[in-house]
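Before any questions on binding or motion, here is one chain by itself as structure tokens, the form predicted on its own.
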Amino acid sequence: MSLASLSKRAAMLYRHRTLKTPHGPLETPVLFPVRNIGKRSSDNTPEYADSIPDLRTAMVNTRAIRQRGPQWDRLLEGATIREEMGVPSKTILYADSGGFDYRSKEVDTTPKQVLETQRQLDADIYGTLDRPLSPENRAVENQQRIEESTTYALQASDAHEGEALLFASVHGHDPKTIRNTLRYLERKGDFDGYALGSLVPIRTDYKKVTKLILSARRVTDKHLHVYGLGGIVYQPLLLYLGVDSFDSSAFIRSAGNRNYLVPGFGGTELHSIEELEHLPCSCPVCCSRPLSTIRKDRNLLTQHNLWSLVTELRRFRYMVAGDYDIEAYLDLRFEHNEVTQRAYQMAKQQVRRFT
């Protein structure tokens, strides 16, 4: 490898690793599509496990499934969550606690009960019980939630057994809090990785989000997951910052707004496109169907959008494997959006100091 190539690789924090899970090895970085199977009204995740070969992962909501009576009864009687989802038995599941529901209500479970439900689901990765923060909450209330989530994580660490991986859910709106929380959990608990939360409500503040992620990356070499930011714009930035995994429901929400995602570009509302007969993507959805068909079929658009997220990840992996200049790629990737361009330029400076 040339010195120039080494220089390109050193100027980012991207990592390629393999996690050992009960349902097989998991190559990272990786996307976990959100499967809202606990909420029938939003259970519109397309079937993808057999059609996208490198996507055998899913994120499920522990709380929502536990509260869905008939489905929970079937699971207790011997059905498997993978059967309920209609996915292959080898699908790797990340079960978060469903803590997002606790933004506006009191916690009505315990870390041990969450673990028991995650075991019943036969999940590969457990996310600890947590209470996400809100930009609208008072600092005192958010600090209390940070401490609660930290306590819950340590209680889960004490109660956890078996081969499933345990990721501590971590919250904070400033780098110092993130660093201190992670260091405390590293000393006091036993975790396979960490998952940063509370970033979705502040996702448009790219500068702040970038700083929070880098503060976590600096503290630990363990697996780092980011909750809820795996959309097509954020994904290359997360990869550059050394995030190992992320989840997203952006492909569903975008389709609901008739927003068409394009790898390396972003999203476009289909109502603004009138003259084309075929769309530019060559995924199985788009390659044989005209624009008019995809425009009126939300399920097809959702499938395409998921393909776009996967293609965005494949493209980044390809460029790393081919020793391309990732920073030059990201310069082009973000040049049309002033906000993300500024965030990337700031992240680039921080990453260079980090490396």
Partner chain sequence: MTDNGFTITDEQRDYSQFNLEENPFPYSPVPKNDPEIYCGQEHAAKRISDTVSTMLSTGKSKHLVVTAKYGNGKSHTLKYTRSLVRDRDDVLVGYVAQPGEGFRDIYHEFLYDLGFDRVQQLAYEYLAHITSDITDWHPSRPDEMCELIDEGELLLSEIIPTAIQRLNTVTQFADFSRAIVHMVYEDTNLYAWQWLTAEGIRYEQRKEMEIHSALDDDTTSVRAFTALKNILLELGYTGVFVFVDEFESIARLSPKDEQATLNSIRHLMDQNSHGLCLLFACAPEVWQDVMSEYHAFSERIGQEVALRPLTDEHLTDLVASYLDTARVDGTGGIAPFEEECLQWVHQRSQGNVRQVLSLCSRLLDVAADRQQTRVGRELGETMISD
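Positions refer to the first chain, counted from 1. Predicted model, so just to flag it, every value in this text is computed and none were measured.
Another form, the form predicted together with the partner chain, is not on view; read the next lines as being about it.
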query: Interface stretch in the model of the complex with the partner chain - options 230-238, 112-120, 182-190, 93-101, non-hydrogen atom within 4.5 Å; finding: 182-190
query: Heavy atom within 4.5 Å of the partner chain in the model of the complex - residue from P132, G266, P175, G242; finding: P175
query: Option touching the partner chain, based on a heavy atom within 4.5 Å in the model of the complex, out of T80, S282, N257, Q143; finding: Q143
query: The partner chain in the model of the complex reached by all of Q155, D158 and H225, non-hydrogen atom within 4.5 Å; finding: no
query: Partner contact for H271 in the model of the complex: the partner chain, 4.5 angstroms, heavy atom; finding: no
query: Heavy atom of K105 within 4.5 Å of the partner chain in the model of the complex; finding: no
query: Contact flag, S169 vs the partner chain in the model of the complex, heavy atom cut 4.5 Å; finding: no
query: 4.5 Å heavy atom contact, L76 and the partner chain in the model of the complex; finding: no
